[in-house]
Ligand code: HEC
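One chain comes next, on its own, written out as structure tokens in the form predicted on its own.
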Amino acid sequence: MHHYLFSLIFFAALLGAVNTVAAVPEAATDFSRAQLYEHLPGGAGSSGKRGKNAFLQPAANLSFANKLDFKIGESIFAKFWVFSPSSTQASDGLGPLHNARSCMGCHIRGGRGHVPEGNWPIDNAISMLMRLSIEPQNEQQRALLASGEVPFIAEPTYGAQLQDFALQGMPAEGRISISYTEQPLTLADGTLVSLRMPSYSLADLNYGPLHPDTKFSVRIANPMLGLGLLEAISERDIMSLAEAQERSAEGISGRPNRVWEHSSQSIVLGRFGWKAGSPSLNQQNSAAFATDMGLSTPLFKDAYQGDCTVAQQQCLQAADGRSAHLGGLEVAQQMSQMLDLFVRNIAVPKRRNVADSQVLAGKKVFYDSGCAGCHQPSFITEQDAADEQAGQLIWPYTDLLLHDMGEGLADHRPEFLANGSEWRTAPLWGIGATAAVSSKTEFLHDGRARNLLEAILWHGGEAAQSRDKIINIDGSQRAALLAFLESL
């Protein structure tokens, strides 16, 4: 009942009538005090828990029954899968080629993935993935891409993703090798910042050479908080932002990614992933089971979906974990549903210091620099969303649209409609809890930015003007901006 009353207050205060449909709230203009309910970025579901498990908390407005299911979903998120055949028939079917043995292995404590440290085999790339694709090679592949049913054409030997682990006795596909070049940048006030430019290569390729036109894209795992609330944002509201940006003279022009939804067999709005390549949490979760761990699900029933290619016969011929009591799958329908419920209801931590004078000054710098043009501060979720997510005022700081981020961040690899320099605006809520959850701060799609200032300075393309404003402000304004971001 609490979250329903919460929603009514929001609608009355912000929209003038409780029956008004969801809309994008007006931007802030008064920076002398915090906005109403700004301290609750996840609406009534916001969590007061901090620390290393801040991104594993259930939404505060979750019902008692759903909290029990949430814990079951969390256990599925954390469980280690094993190879087949196995004495357990509820956790087998891993791989045989795979990137991780659990969801938690990539999304560490529900947070970001990390960049490998040291040299092989000191560390591994468990929470970093290397996506692979090629340009279409014939009319059939060009037609398939044009249909919108696939995001890209997978590399023919190694597939859509490099798997760096394998069943004992089977060679893994290969390993990611990373080196960095430091690039010094002097800000207007004389502050020297060093940005690290990554260079990637693949080593120990065990199934032959890659296609000569292979495109690579490295990704670290995204944090898991507030995803159900992002799913509950109206498509109408997202499109209204795209239309407003198109009309503006600010040089910002976000656009939606249109992606293939397997459940409806249709093209819909993309919301999740670094390039907004997935339309729903169920599809995002199912794809991770399939590609990252080689597990079959109700949505992707092939035991080797996204894992083995025709060039990897040992992988194709290995035993799998499909069982009759699991509905002929490795991840049964009920397990998939419990995981979806868990992911949908991970809470966003409450904000700290929203009324602090330095934080408010930094908020003004954020707006004055144009950052809010892409990092849309707030939405009101749809009234017909799932009960816990319905009619909530939320503060995710994203428009869920694709933006050209410039050559410096480009991976030169398309995904559905996203081109090689476009990325979805990353949500900023919870970003101040990153160090506590992940024990380090590594930002952007490949973790190259070691702190928030570096992440800002990597922005280019549509964000170049905002970046340049940050370069040219004085140290006290920059400190205020970072204090604001740390408060999120």
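A quick note: this is a predicted structure, and the numbers were derived from the prediction, not measured. All residue numbers are counted from 1 along the displayed sequence.
Another form exists, predicted in complex with heme C; not displayed. Remarks below refer to it.
Not displayed here, heme C is approached by residue 425 to within 4.5 Å at the level of heavy atoms in the predicted complex.
Though the partner is left out of this view, residue 221 does reach within 4.5 Å of heme C in the predicted complex, counting heavy atoms only. The shortest heavy atom separation between residue 351 and heme C in the predicted complex exceeds 4.5 Å.
In the predicted complex, residue 415 approaches heme C with a heavy atom inside 4.5 Å.
This chain appears without its partner; in the predicted complex, the one residue of 359, 132, 176, 374 with a heavy atom within 4.5 Å of heme C is 374. Residue in contact with heme C in the predicted complex (any heavy atom within 4.5 Å), chosen from 370, 136, 298, 156: 370. Just one listed stretch, out of 192-200, 313-321, 212-220, 167-175, contacts heme C in the predicted complex at the 4.5 Å heavy atom level, and that stretch is 212-220.
Annotation: in the predicted complex, residues 126, 281 and 470 each come within 4.5 Å of heme C through at least one heavy atom. Counting a residue when any of its non-hydrogen atoms is within 4.5 Å of heme C in the predicted complex, the hits in 472-488 run 481, 485.
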